[in-house]
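Provided below as structure tokens are two forms of one protein chain, presented individually as structure 1 and structure 2.
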Structure 1
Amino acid sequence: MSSNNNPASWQLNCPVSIPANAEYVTLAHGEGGRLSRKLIQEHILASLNNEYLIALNDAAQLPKIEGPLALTTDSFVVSPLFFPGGDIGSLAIFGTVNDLAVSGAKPLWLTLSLILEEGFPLAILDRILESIARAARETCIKIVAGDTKVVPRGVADGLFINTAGVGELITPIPPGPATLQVDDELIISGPIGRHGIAVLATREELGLEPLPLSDCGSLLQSVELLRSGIGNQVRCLRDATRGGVAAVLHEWAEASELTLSIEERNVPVSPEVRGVCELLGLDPLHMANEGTMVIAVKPGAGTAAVEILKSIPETATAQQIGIVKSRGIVPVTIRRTLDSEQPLDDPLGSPLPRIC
């Protein structure tokens, strides 16, 4: 995305119409003076205002929490900023909330830092801030502190976002992949690879009809249902972002020193994702997700877990995809459609950089 003040140069994949007399971010907006205050008051607070932000203190004053807390941080540099099914704003909120949720925490508070490029249209910033506010309301998380910096043209590709999320750990807390045992059952919450393919199709202008939609969304409700439905039967959960499902399985195999085995025919893949992957020689198991998680449960709990997930639209196509075995020659195996079991490679790198 170009960083000059030509409105047409900012239109790529952006749903906002930018008028010829539009206002743009300048370096002065990041210098702490009058324009900084104007940016905060008229744009950021106008969208994100709450009882914590309104004070504009250097640090948010938060209420006491009795139990242990979970803390996560993340940075978002997706290109393009808008993609089918979401944008960098909703991605930042859902990505942070999902990290807390799969760790066993109820999301409470979030900090939000914006790194803006000089020349960025304020109309696009407003659209992204609206998306941030909408996602925060959906997940009941409060944005309590933030920061805004402006960098020279060509440095930030429009907008980067950094977050930190705080949540209250709720029992039972999933004990994690190191506790996996033989015969534990593996589940995927929905079709895989949708985010990676949506970003790829948009960035490369593949002209697909219909456009693949990202799964960018909240996992909070599905995690809460699992907690209330099967509680301590859950071993571990992980949102399968960069590196996809394959990366999660390899991380769990390394932590547990066991072999994780999945059945390809059981892994849900949408026709759009399957078609693009076959066309380009990609493996859906290596493609990024932003609203899909891998779950490991104790032996015999898989059927109940899938039924719980299928009770809500977001995870209605959840499937049990495999089991945990004693450690074999390779850490992760997959039984392909021709009934041959073979190693599932650990991704060495993303087939598509900057997807989150």
Structure 2
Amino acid sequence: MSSNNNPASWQLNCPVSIPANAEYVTLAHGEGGRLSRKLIQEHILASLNNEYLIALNDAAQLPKIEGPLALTTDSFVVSPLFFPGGDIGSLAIFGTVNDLAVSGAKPLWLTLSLILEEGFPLAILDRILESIARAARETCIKIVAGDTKVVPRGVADGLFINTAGVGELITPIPPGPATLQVDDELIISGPIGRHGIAVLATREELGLEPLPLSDCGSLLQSVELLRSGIGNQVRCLRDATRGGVAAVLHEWAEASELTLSIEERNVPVSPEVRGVCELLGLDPLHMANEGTMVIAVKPGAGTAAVEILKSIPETATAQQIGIVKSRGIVPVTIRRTLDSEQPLDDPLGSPLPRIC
């Protein structure tokens, strides 16, 4: 097989054109000496500077937090690095901010750790750092500590990013899926499957046009509105990332030992996602989201929750999709064409396009 012999050969799908004599990342950039400091100063700090990060200490020194803490981490390995609607940088920020937000915390600080493949163009790195900076500004979060490693060519796929986030838990903290009760109502904040389809269609070069847009974005405002509006009514929230909505419902069913039951006709799916899913034999409920969440509220609170969500553009198409029932034979059911409730499958592995 032929391998990538030039720095522009990653599956970048990046709008930046890379000049032939572009500067790129070398192993020396990761070795802790002069070049490492240059990379940090001229690229990372240039985009992300703030009063904590500038100290470049072994650990950031941060002020005291009043409430209890929330702590989360995620690594981002998306391929391609740029996809319609986002890139690995914005994803790395929104992903961690969203995890804090749905946990009931006010996101405060992030760490940012880059694993770069030797030969990665610095122009692309700068572009991703700008995207990180933009997402951090949008969500009012500060990147206070970081790390950069460079691995030899062929040992990583261009760039992996890890973010870890610290937030302050704000009362009332959603008590979590173990507290779900019969008749609780299930809500989805927007059309599903957009991120998974956008990335799949871009990566596998399926020749689809226009490429569907990822929903990659912040859930901060919608969570805050929900909490300030009906905070005491919220049981749990979850951004429906890998495994999609189906995986969230299965996890919640497992945690609560109840059955979660949804109506297919109420689940919002955008026409493009619908079209691609039919064409490739995929179920939108299994496809990843990166700015769309599932919410469970107490009985009767669903309408209020949907109202609140519909008040901002990001979640204007929020819908109640189902309710919690006493435990049946299967953990998650879906009503499709006919009246009978069918089991909704828990996704197994990455959804593969199929012709059968």
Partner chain sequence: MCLGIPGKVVRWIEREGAFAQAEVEFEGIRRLVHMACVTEAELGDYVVVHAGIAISRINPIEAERIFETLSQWGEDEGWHTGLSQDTEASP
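What you are looking at is a predicted structure, and each value in this text was computed from that prediction instead of being measured. Residue positions are counted from 1 along structure 1's sequence. Whichever C-alpha set is largest while still superposing within 1.5 Å between the two forms counts as the rigid core.
- The chain as displayed in structure 1 is taken from the form predicted on its own.
- At Thr337, the distance the Cα travels between the two structures is 2.6 Å after the core is superposed.
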